[in-house]
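Okay, so here's just one chain, in structure tokens, the form predicted on its own.
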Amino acid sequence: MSTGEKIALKDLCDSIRMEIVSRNFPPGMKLSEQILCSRWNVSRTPIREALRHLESEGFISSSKHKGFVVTSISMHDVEQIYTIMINLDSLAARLATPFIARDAKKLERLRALCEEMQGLCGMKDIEGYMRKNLEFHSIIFRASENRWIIKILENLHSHTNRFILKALYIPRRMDESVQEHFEVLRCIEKGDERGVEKAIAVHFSRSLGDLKNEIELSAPLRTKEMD
């Protein structure tokens, strides 16, 4: 496989993954290879390679009878993912702090992202906020320079974006998230490794708590509507 084909395959994986993350391809949806080929103007071979790759990441599953189907995420999955992220993201942030604190460009970008998220919060642009949020955390965990942490968190953050939209619709959650990101930035600017570690853990713990409360509150409403 040539370098160009590798890049094309990665882009194809990224594009299909984003459709799943944004719920344009919702849980339970069957992915037709023919339709995907037509949409991205490629043959079945790269589509199948991309789908197999996304299956290994847990975004889709396959069977002889159903073909490829977008997987669903339960509250149990959410809790397990957040448990890992609370611990691993905070560790990555502690490791990354000395590097970022000495890197003016990274600090400037993190400040800009915080300000952009604040603006998007005011406009109630949740999808835009989600993208900036992902970039903010990605800059931090990538700066840890630990390739194993980076690989794991890249996958986990992609999965969390499948339900983070729901969390951000919770009243005041986006405003609180903005302040939590600014607190993480303040700790990084001071080179406070333990402070960053705590701020990241608090951020994800609060996000999980709010998400669980929202799901528990909305469950009886959904049941009542079905009766």
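A residue's number is simply how far along the shown sequence it sits, counting from 1. Note that the rigid core is defined as the largest set of C-alphas that superpose within 1.5 Å between two forms. These figures come from a predicted structure and were not determined experimentally.
What follows is about the form predicted in complex with a further copy of the same chain, which we do not show.
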Q: Counting only non-hydrogen atoms, choose the one of 130 to 138, 80 to 88, 103 to 111, 117 to 125 that falls within 4.5 Å of a further copy of the same chain in the predicted bound form.
A: 80 to 88
(Q) Test of understanding: in the predicted bound form, would L12 fall inside 4.5 Å of a further copy of the same chain by heavy atoms? (A) no
Q: Give a yes/no on whether S63 approaches a further copy of the same chain to within 4.5 Å in the predicted bound form, heavy atoms considered.
A: no
Q.
Residue-level contact is defined here as any heavy atom of the residue lying within 4.5 Å of a further copy of the same chain in the predicted bound form; does S56 satisfy this criterion?
A. yes
Q) Does a further copy of the same chain come within 4.5 Å of any heavy atom of A143 in the predicted bound form? A) no
Q. Ok, R186, R48, R39, K30: which has a heavy atom sitting within 4.5 Å of a further copy of the same chain in the predicted bound form?
A. R48
**Q.** Core-aligned C-alpha movement of L51 between the shown form and the other one, 2 Å or more
**A.** yes
Q: Using a superposition on the rigid core, decide whether the Cα position of L208 changes by 2 angstroms or more between the shown form and the other one.
A: no
